[in-house]
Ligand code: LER
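As a starting point, one isolated chain is supplied in structure tokens, in the form predicted alone.
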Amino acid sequence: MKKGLVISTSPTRFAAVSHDGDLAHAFRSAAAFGYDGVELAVRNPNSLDPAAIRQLAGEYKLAIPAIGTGQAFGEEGLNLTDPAKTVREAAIERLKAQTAFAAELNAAVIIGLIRGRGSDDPERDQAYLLENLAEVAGNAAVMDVKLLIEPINRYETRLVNTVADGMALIRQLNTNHVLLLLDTFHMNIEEPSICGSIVKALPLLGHVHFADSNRRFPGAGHIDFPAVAATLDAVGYQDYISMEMLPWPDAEQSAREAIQYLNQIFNYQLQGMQS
């Protein structure tokens, strides 16, 4: 199983990522802890040099599995379902820029809160979401970049809360360039069974985020991660599991605790399968 760590390329109000102002240090630390890749939370890709990031990734032998886009919403309010057409159009253009940036890094693009929080007009929200995601997905297909729809809990958005919601949206888009991102923190709130929903999502499963029930590192809350690990093994998932968690008590300790716990539970599952 490939293990990733989510880091931010700029200061952010979103608490569940780390940013220390020094990307080289973040890459170096992730490699030293034993991560296979770093998932980058990117507000505006035009402020970054993809060649420099590729060089860092090569130096520390790290892949970049995905680009997070939520900061464009959190810091600037850009979203695909805003009542204002200018905001929706700006969100589309930002996602196209994110997609071009991701293409340079062989990464996928995450559709999280940039979809918006929803309003009291759910039919209009769904129409905007489908129309604008279709445009973004068409652009991603041209660049051969995958989009990852992340179901997010009801306290953060009214749009796409469950695995079933995400699967229904992807099927409406009718493209093989859009997959699901499953996040255990959100699943713990919305899914009747995290493991059952992983099995259900398998045909469209493209990426996984781990955080515990309190959004701290896995093992710091009450989610049954050994069962989750066993389910991912059972369905044959071999791609990235990225740690998107609060940097508690600090970024380095949480990153260290997370990978130690992952190595423990996945090694246990592997030994169990071999015995």
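Note that residue numbering begins at 1 and tracks the sequence as displayed. Keep in mind that what you see is a predicted model, and the values were worked out from it rather than measured.
There is also a form predicted in complex with the ligand; it is not shown, and the following applies to it.
For the candidate spot formed by L113, H186 and E244, every residue has a non-hydrogen atom within 4.5 angstroms of the ligand in the model of the complex.
Heavy atoms within 4.5 Å of the ligand in the model of the complex belong, among the stretches 94-102, 146-154, 125-133, 161-169, to residues of 146-154. Contact annotation: R216 falls outside 4.5 Å of the ligand in the model of the complex, judged by heavy atom distances. Under a 4.5 angstroms non-hydrogen atom cutoff, the ligand in the model of the complex has H209 among its neighbouring residues.
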